[in-house]
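A single chain comes next, written as structure tokens; it is the form predicted on its own.
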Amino acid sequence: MRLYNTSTKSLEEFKPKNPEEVKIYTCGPTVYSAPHIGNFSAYIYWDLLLRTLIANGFAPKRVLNLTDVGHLTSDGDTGEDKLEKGAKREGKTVWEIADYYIDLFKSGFKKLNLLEPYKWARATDYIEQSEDLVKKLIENGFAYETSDGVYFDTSKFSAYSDFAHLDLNHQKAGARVAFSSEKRNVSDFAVWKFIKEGENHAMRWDFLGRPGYPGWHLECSSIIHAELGEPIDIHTGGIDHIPVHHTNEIAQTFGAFGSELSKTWLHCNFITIDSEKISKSLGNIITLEDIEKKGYSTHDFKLWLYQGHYRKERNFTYEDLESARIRRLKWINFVLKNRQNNAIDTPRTPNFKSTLLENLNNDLNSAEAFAYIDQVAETINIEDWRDVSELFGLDLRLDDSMAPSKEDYALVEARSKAREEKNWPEADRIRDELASKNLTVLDTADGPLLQFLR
């Protein structure tokens, strides 16, 4: 199995230290607003990673964090805590905001049929561990205190710029993380923030003689140390995490524990909408619920995403989602016909699963795997389709209690004939008869496709 390691910028053979416990950490959401399709795309990609590891005989142990404190609106060391911002927006407490959006995120996980992590890790459940980590950084000479917090001294970590290939000599104040006159270096970052007198910040803990809260980057190092131990096998996240968040995680972990954080780093690219970044200010947010309201399944979106590659930017349009829906529906029709014909008794396609796995083992190349499925779709049997479903976590209607009968398919053919003859009343009558059986027909360039109404 070969994966593209961001830290080395190359494809590498993945060889975990312990195949029976592959330690994986996934940077999770900041739970202050509804997750959109761009947010979920990362977790869909990393679900494919987990399924591919399992298919190769590995046993993943994955921790996914939930950021419910400390992530400021600047993504650096200034601005309002995003949970506080969400609480003001909705007239709720920060705790209510966190609980609500964690539940909404987990609901999306289930809709997408994503494998749940070994551990959902809320940042606020690891305050004691975060305080201990800050103490270690101070004791080891990697952090210093200022009037507004405790900062990591990046000059003490000689490899600080290596991961993101930063040019620290030409970095200007404010270009990456906020500048304070008390900071020793422009690139220094807060590991703990003090709450100023009169500042309204509901989440606060007494530490170092003052109320405060952990910096955004700190939670990941704390959680990894507590739940997995260093070094982990794979750390996953988005490409936007590379220059700041993941760079700071690496620095913190080395400063506190003298250890490498992760052996392999995987980063997925952005999803855009109409070639623009997904942004509330642009008003182009699309959620899973928005997709469902337009009559699509979340699995149509999942299949659309897998038609590309996790390291490539993808531009979302409903036209492309419709194409993905038709592709999934074609596959479902092959499944339904196999079930109707009792095709489970037919021989399995030689090397089918191994060929799929060969594609996925090439840096999760799902697009190539899908192309292969299309090539053999008419000949593979129901168990082969079950492999497809398991590898990609796709709903292909494999286990519906009722499959369309031969009579149902005869009705589809009769409807097509009526339409050819422009006998619209008969075509409509057949449509209504199919609807009474929870079935409808989608007419495509490749012919009619039978589908369930629900």
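Residue positions are given as counts along the sequence shown, with the first one as 1. For clarity, every value in this text was computed on a predicted model and none was experimentally measured.
One more form of this protein exists, namely the form predicted in complex with a small molecule; it is left out here, but the text below deals with it.
- This chain is drawn without the small molecule; in the model of the complex, the residue among 36, 415, 397, 61 with a heavy atom within 4.5 Å of it is 36.
- Note on the partner interface in the model of the complex: the residue among 241, 217, 193, 302 having a heavy atom within 4.5 angstroms of the small molecule is 241.
- Of the candidate stretches 315-323, 263-271, 144-152, 373-381, only 263-271 contains residues with a heavy atom within 4.5 Å of the small molecule in the model of the complex.
- Every member of the trio 32, 277 and 280 reaches the small molecule in the model of the complex with some non-hydrogen atom inside 4.5 Å.
- Shown alone here, residue 328 lies farther than 4.5 Å from the small molecule in the model of the complex, counting heavy atoms only.
- In the model of the complex, the small molecule sits beyond 4.5 Å of every heavy atom of residue 52.
- Although the partner is absent from this view, residue 65 stays clear of the small molecule in the model of the complex, with no non-hydrogen atom inside 4.5 angstroms.
- Remark: residue 339 does not count among the residues lining the small molecule in the model of the complex, judged by a heavy atom distance of 4.5 Å or less.
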